[in-house]
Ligand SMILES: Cc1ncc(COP(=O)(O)O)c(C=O)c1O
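Take a look at this one chain, the form predicted on its own, written out in structure tokens.
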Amino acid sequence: MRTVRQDHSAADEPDQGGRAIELLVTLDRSGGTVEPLHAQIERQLREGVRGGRLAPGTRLPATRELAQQLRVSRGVVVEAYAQLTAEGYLATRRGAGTVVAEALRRVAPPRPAPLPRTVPEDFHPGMPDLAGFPRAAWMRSLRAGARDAPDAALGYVDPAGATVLRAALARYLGRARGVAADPEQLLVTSGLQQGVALLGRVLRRRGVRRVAVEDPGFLVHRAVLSNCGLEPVPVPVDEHGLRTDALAGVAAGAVLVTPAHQAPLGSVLAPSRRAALLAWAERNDAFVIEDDYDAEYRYDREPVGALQGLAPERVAYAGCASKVLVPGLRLGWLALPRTLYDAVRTEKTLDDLGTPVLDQLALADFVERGELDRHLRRMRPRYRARRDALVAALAEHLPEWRVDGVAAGLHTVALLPEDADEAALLAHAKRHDMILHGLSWYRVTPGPPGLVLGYGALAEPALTHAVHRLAAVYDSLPAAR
């Protein structure tokens, strides 16, 4: 690469303060960069202003002069100056030419946060393998979405979501999860949590006051429902999922469940209870909110189909990209009963007018090209190996702990001895730079002590090492064993 570097001194053309102008601009003409010449000039002048090298009021060379010095056409410099003027970095003064805008003052760049002395080991229950995100395939889908989208798709579109994404999701969810929904029943959300909030507000407007929730269950769901003015009513969970027999005295207008892989205990809702739950909803004219948590990751057998496929007008199905891809995408979806759809769409409109369209178009292309299936096929054996490594390490180093739940998802539950002090263990581990997640965080009603151990983000050697450290921390806890 040949870089042309120009030092420009304009001592014969002083600025208003009598200072000589000295610009240092580096242009790459080798073709090794995709950045146009005008963008290179813009970037370097912008950085000069931000860094304080070009102070407010500094006069810049005339466009013709700078073009001659850099051996570029005057139009290149005119374009750069115009862009920086539009951004507020430069201003034009009568009789003084182009100057650095007076309103700008140097803003010191943020100081990097100091690195911790040690990196905490975190068994985060819901974190997938972020390094496994298929960046190249996603970038292809982003480019395809932006390239192929008609102009109208970039305006204020249907808040329910891009038509192409709803169609792609309807096909994918139908074949992969047994969801029975037309595209017109699907609504795209900015993550699953927004979907729960939209449903909570709609149910509240319909007169619902109480929603049954799993206990233990996801604390954030309870918080969202409470924020919607609803009362979350805890219903116990056992090894077969939600105790549907306990719904009889609840007097709730809806129930929120994780039937495919109960969060956090890891049980699967038994067939008899699936039928009982739907029968309860029908008898009570109630709705079921199905969080299809971790459904794509089942390692010992084929996953059960979505509950929604059995009763589409009683079940509001909720899914998202956080576990199947990465949480940072903030993409989710709802398959809604027709009686709820219009009201939920209205709430979505009031929330944000719709989820970012280019991200939706990218996901639609990603799904339609088979990239999501390819990614899941690659990640399932990886996560299974990590789960196996975690379970084996626990059996070796902490044999008195009992692993519970089916072989699925991105976490497992380790039940501690009944006399163990969960809170003391969490605090003791934190002092040793280890972040643990206790079962008590998920509970409404107190229960046996335990930990929810995520393995999705840790490779097998790291998991083995982390469990070895965890055992040492546990052993150092007074009266642990």
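For every residue, the number given is its place in the sequence shown, counted from 1. Note that the coordinates shown come from a computational prediction; the quantities given were computed from them, not determined experimentally.
The protein also exists as the form predicted in complex with the named molecule; that form is not presented, and the subsequent description refers to it.
This chain appears without its partner; in the predicted complex, the one residue of 201, 177, 274, 221 with a heavy atom within 4.5 Å of the named molecule is 221. This chain is drawn without the named molecule; in the predicted complex, the residue among 365, 359, 291, 296 with a heavy atom within 4.5 Å of it is 291. Only one segment in the set 184-192, 303-311, 147-155, 390-398 has residues whose heavy atoms sit within 4.5 Å of the named molecule in the predicted complex; it is 184-192. In the predicted complex, the named molecule stays beyond 4.5 Å of every heavy atom belonging to residue 98. At a distance threshold of 4.5 angstroms between non-hydrogen atoms, residue 323 is in contact with the named molecule in the predicted complex. The named molecule is not shown here, and in the predicted complex it never comes within 4.5 Å of any heavy atom of residue 140. In the predicted complex, the named molecule stays beyond 4.5 Å of every heavy atom belonging to residue 240. Contacts of stretch 259-283 with the named molecule in the predicted complex, defined by any heavy atom lying within 4.5 Å, are made by 263 alone.
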